[in-house]
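Taking the form predicted on its own, here's one chain by itself in structure tokens.
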Amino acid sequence: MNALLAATATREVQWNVPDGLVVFMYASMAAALAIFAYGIWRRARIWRLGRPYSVRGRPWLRTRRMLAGLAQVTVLRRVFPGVMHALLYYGFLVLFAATVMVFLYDDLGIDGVFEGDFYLWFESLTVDIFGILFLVGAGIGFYRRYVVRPAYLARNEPWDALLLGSLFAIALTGFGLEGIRIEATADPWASWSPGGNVVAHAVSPLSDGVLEDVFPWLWGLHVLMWHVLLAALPFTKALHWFTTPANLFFARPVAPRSVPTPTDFEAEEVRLGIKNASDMTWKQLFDLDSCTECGRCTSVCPAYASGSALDPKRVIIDLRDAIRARGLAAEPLAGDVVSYEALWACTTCRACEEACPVGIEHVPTILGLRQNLAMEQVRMPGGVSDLVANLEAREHPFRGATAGRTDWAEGLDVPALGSVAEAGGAEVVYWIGCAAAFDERAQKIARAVVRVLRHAGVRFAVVSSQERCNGDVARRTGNEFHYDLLARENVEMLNGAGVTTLLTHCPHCLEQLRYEYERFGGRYEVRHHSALVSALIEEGRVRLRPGERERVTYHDPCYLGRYNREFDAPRRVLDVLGVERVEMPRHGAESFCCGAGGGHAFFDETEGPDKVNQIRTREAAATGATTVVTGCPFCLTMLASGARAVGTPERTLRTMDFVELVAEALDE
């Protein structure tokens, strides 16, 4: 990368490079550029196979995110690997800029670049410093990959070693050329080139004749290595040097996030999920070529942590390699390229996407593959088959439930949607959801919400008896047909009743009602109960009496936090309650999943040495809290189950929805 750096273009060079080597340089450069262009064309040909994907809207936000990626902000979220990558990246940019400047002077004859202060400050001092940092970055890369060897870091031997080794060798030979030049010319400005000066001292015992013989061949080797690397880039993971900025720009800038590609059941040719590359969007195919194989997605994946077959990094890499090798012949991707066990292990928590520094969206691809398993191959876990049967027969996923949709409200005399509308309307319509209707523990959440709303004097109505399952569990288990039916029926009912404002305590209902129902004409203002209760407290409509200062920790539900970016409202409520709130190490956007998402609340996890909910419960217990609080009925169930599994008779965590604590503390 130091290519020619001050070794062939500076005014002090005493030796001429043989004409044959100069011809070789131009010929190899032309060949390298041609191979590079061919490699990009091969990749672009695959991207063009993909289905449409819109990148319209929010251009400034997209640009800002792309610039943040170029500035290495995304990779520096993890210090050690981030510093390594930043040293390589910035070192490469400076060394490449120096190479271009040498080309401008030596080949195009543009004068004035290598004179005066600029020569000393940039072409000597700055370039040398960044060249040294580049070598340090490469050294850290070797140390991390082959000494520390984190389990989640992909190692593709021998190509990883060759890539790192070639980068190191190119920079090192550049310093070698500079050192020979300094020694041969007795450069009075050698102190401005610290790296080259060290090499000059090292080669000082050699005679001028030896240096003169070595110089052109070292120069040729330096040029050859750079051109070989340039030609190889599109065929290696180093392609992400070019695709990453674009992928950050293309990635969805705002919610809805991680939504599976809808199935058009009225199309002439109905695509049942992702069978081959042509069933993926061009953005999903572009994702595959943007992967750096850093393994950050794997390191935060709850399914991987539990010992299941899912490795999000391997999903991307295996799809990429299969499609590169076989194109459309790589099918079925689901169950063949990516295993059945891996696809059903995903909890759709989006931790992988949150951690990815290059904007890859893993979850829609996994769900597309899961759709193909469920709808075309009909390969599903037993629990998924049961929930589908329940959706068809009862319009809810709870097997064996005997309660009706309105039983949770027995004795509360809650106003129904129609009666309140006739009486002058309601401030908000409360969507109860299946969990609170059919799960005895979750019913307490709905009753607590009603109590708080009444205390605050909020005019509200409940949908309740007119509700059907929102369809999230069908969609996340790949059963798009059942989701489509349920969503259309719910939208028709809500629109028919003139509903515009909705309240829900379930983040999965929130995701559907707020974002994913828009495709069916359902456009509503939807609030999670944490946001509404927090606002009511701030307005003084909810009055709380002081309670015991118990120690609690808050678990961020994935569909409330990472999907809907609501992290603060539940914490504000807890702080007003006066509890001692302690955070788990993984919280907020980096929270660890409870294990319920992606339909896992209704079917057993794949085999592994641990359970996701037990891992999370142990984290909660380690804070010393007596109560773990959340804002999702499914999280509540999973954490309660985990608490029973990992607790002791002397100390078992209490699990509560935060609104239950509010209801307990109401000053009536």
Partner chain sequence: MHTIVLLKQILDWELPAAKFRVDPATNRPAEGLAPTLLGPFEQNALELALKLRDAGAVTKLTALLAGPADGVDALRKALAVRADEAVHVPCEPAIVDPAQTAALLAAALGRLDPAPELVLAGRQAGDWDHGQVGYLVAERLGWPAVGLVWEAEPRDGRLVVRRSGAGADEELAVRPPAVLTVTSHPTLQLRMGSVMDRMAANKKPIVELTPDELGLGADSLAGERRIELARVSVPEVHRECELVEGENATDVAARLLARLEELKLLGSSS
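Numbering follows the first chain given and starts at 1. Note that the structure is a prediction, hence the values are computed from the model and not measured.
We do not show the form predicted together with its partner chain, though everything after this point is about it.
Pro546 falls outside the set of residues with a heavy atom inside 4.5 Å of its partner chain in the predicted bound form. In the predicted bound form, its partner chain sits within 4.5 Å of a heavy atom of Arg399.
Though the partner is left out of this view, Ser385 does reach within 4.5 Å of its partner chain in the predicted bound form, counting heavy atoms only. Its partner chain is not shown here, and in the predicted bound form it never comes within 4.5 Å of any heavy atom of His85. For the three residues Ala461, Asp575 and Gly578, a heavy atom within 4.5 Å of its partner chain turns up in the predicted bound form in no case. Exactly one of the stretches 286-294, 90-98, 476-484, 190-198 approaches its partner chain in the predicted bound form with heavy atoms within 4.5 Å, and it is 476-484.
None of Met493, Leu412, Ile129, Val270 but one reaches within 4.5 angstroms of its partner chain in the predicted bound form through a heavy atom, and that residue is Val270.
The contact with its partner chain in the predicted bound form, taken as any heavy atom within 4.5 Å, belongs to Glu392 out of Glu525, Glu392, Glu550, Asp336.
Of the residues in 288-313, none comes within 4.5 Å of its partner chain in the predicted bound form through any heavy atom.
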